[in-house]
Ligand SMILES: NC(=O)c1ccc[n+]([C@@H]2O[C@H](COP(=O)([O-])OP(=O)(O)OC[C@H]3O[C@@H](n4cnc5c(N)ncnc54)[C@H](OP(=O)(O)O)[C@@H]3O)[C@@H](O)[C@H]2O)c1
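Next up: just one chain, as structure tokens, the form predicted alone.
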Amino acid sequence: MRAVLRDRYGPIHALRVEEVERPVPGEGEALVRVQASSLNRADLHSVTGMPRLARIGIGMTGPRFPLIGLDVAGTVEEVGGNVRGLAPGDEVWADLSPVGSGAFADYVCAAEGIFSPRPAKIGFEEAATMPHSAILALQGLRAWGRPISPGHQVLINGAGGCVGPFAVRIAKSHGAEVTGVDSTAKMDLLRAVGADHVVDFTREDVTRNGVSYDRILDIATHRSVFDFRRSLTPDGTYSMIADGLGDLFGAAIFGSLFSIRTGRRMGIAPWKPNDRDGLAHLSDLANQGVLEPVIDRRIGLEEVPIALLDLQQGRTLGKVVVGI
């Protein structure tokens, strides 16, 4: 089978597409023919090994897994012994984070529990955009056990990337009034996905606009956690999707101290990949046509390195889908 490989952390151009042996499912595993996958910023971390926080779980000195790619949607080809919930022909989706990676390939093999039934009313390409990014959005918005209610003011900082458009649409599906923040080039995208208000961070400081928000999801992480504390309502929550050690410690330590002092919760967004309840909720929204993904373009395996470079340099709008 074909797969995108790397054997060390380094520049994106070092990636290569090679023929490798097709995996054989072992006990409790399923082999899935990949119909589509998609790019995430986490794939960049997996390739470059930066920030170093990203190496926890994938190898501190070098990549533990040669293959890359997290989001996958496909068809079960074969199952190993003692697999009870899957059969050949089942259509599934998954985030391969718990098993390392490997979605940029013709086949993936993983434990049965990694896979869930994909949404029936959307295609493989649309489904492949969601398991990683949309779960991050959903869990970030649900942080601290405080669900979004109709009329809530929700701020999405970094709303134009891989995760942000899903966050906007999920918040809108719960009746929230949503403000999306990103660069000038992404203002039209934010309006298209349903943001009620858009803020160009190059022209306006959203933390000084006098508006208080019930929920803040910080995906861009270019601002200090202290900047956002003045933008929270008395029972508001702030969740950061951390991208580096500085972000992690700032949100975890200072956010926790602020939470203790004020009762307003601030910290790192929780993340549980392949959460069954979360994926079921996303599937319902997708089947209702509420969670339509923004697809920048569709590519083949050979184009993955170029597309990752575009993602790294901020030249993509929404998700890049890899059709296998």
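The shown structure was predicted, so the numbers you read here are calculated from the model rather than taken from an experiment. Don't overthink the numbering: it's just position in the shown sequence, from 1.
In what follows, reference is made to the form predicted together with this ligand, a form of this protein that is not presented.
**Q** Is G160 near this ligand? Define near as a heavy atom within 4.5 Å, in the predicted bound form.
**A** Looking in the predicted bound form, residue contacts with this ligand include G160, since a heavy atom lies within 4.5 Å.
**Q** With the partner left out here, check for me: in the predicted bound form, does some heavy atom of I241 sit within 4.5 Å of this ligand?
**A** The answer is yes: I241 has a heavy atom within 4.5 Å of this ligand.
**Q** Mark G300 yes when one of its heavy atoms lies within 4.5 Å of a heavy atom of this ligand in the predicted bound form, and no otherwise.
**A** Judged by the heavy-atom cut-off of 4.5 Å, G300 is well away from this ligand in the predicted bound form.
**Q** Does R215 reach this ligand in the predicted bound form, with heavy atoms at most 4.5 Å apart?
**A** It does not: once this ligand is placed as it appears in the predicted bound form, R215 has no heavy atom within 4.5 Å of it.
**Q** Among the candidate stretches 152-160, 104-112, 167-175, 78-86, which one is within 4.5 Å of this ligand in the predicted bound form when only heavy atoms are counted?
**A** Heavy-atom contact with the partner occurs in 152-160.
**Q** So which of M266, V34, A42, L279 reaches within 4.5 angstroms of this ligand in the predicted bound form, heavy atom to heavy atom?
**A** For this set of options, the contacting one is A42.
**Q** Have a look at V92, V225, A220, L232 for me and say which one sits with a heavy atom within 4.5 Å of this ligand in the predicted bound form.
**A** In short, A220.
**Q** Please determine whether each residue of D182, K186 and F201 possesses a non-hydrogen atom within 4.5 angstroms of this ligand in the predicted bound form.
**A** All three within 4.5 Å in the predicted bound form.
**Q** Any residue of 131-151 with a heavy atom within 4.5 Å of this ligand in the predicted bound form counts; write them all down in order.
**A** Sequence-ordered list: H132, L136.
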